[in-house]
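In the block that follows, a single chain appears as structure tokens, in the form predicted alone.
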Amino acid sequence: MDEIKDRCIWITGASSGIGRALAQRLCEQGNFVIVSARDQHRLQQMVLAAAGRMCALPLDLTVADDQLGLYRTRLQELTDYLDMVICCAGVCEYEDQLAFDPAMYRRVFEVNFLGVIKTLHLAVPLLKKSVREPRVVALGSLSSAVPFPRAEAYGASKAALEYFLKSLQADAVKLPLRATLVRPGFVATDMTRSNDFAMPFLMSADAAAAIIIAGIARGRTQIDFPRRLSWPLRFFGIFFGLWRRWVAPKVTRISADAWIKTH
């Protein structure tokens, strides 16, 4: 059965979207779940509905490194071990005018990439105490399969995360630690709600959570979905020249005249 049971699991980005759906499903399957996000009110609502199988650890992943010790103390007050960490926190900002604003890139990388590093920095001492095979799971994106227009910041942060997870898998080959990279397509969440373009094969956060849990339960190191989107994107990732020549001109919004006028 594609279930995960009797684990102590920490989920970041758990107040909405895929993180929330994962937390609720994993709690229902008989796990103890620690949920983290910036929205304390939403976290407390989740905890109240979970009948004692969930607790909240409010967390801002943009916090300075020298403040992480406080969060480590709070985490260790909630549990003395972790079997799994699922990093779901993410943000998206688009490069609409090719302005290359360093602040925008910094905001995106701070959560999507460095946020995972900070989470693991806090979690590793507790993962080492697991009596099972501890696992790290992080949400990448199918945007790292092929470069999308406007996604220079978001896609680059997810590509960096993908490289990191695969390097971790290589380094952990002799360790009990396992790592899983999740690359979803378009999922209906608060983040995607503001997208002003067509999102093919859009699925619910709950459906995405079911796929992720089943993949983790089977021990998969990479979970791509939906297949109807992942396979074409993998193809164009291999033959990027075709993507750049045929697809990019149809989806980019930046023209030469507009670009010159805005710089």
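Just so we're clear, the structure is a prediction, and the values are computed from it rather than from any experiment. Don't overthink the numbering: it's just position in the shown sequence, from 1.
Keep in mind that the form predicted together with a small molecule is not shown, yet the notes after this line are about it.
- Here the chain stands alone, but in the predicted bound form its contact with the small molecule, taken as any heavy atom within 4.5 Å, falls in 85 to 93 among 123 to 131, 68 to 76, 98 to 106, 85 to 93.
- Under a 4.5 angstroms non-hydrogen atom cutoff, the small molecule in the predicted bound form lacks F148 among its neighbouring residues.
- Contact annotation: A23 falls outside 4.5 Å of the small molecule in the predicted bound form, judged by heavy atom distances.
- None of the heavy atoms of R234 is located within 4.5 Å of the small molecule in the predicted bound form.
- Contact between Q44 and the small molecule in the predicted bound form is not found at the 4.5 Å heavy atom cutoff.
- Here the marked residues R7, V33 and T180 all miss the small molecule in the predicted bound form; none has a heavy atom within 4.5 angstroms.
- Among the residues A209, I216, A56, L59, the one placing a heavy atom within 4.5 Å of the small molecule in the predicted bound form is L59.
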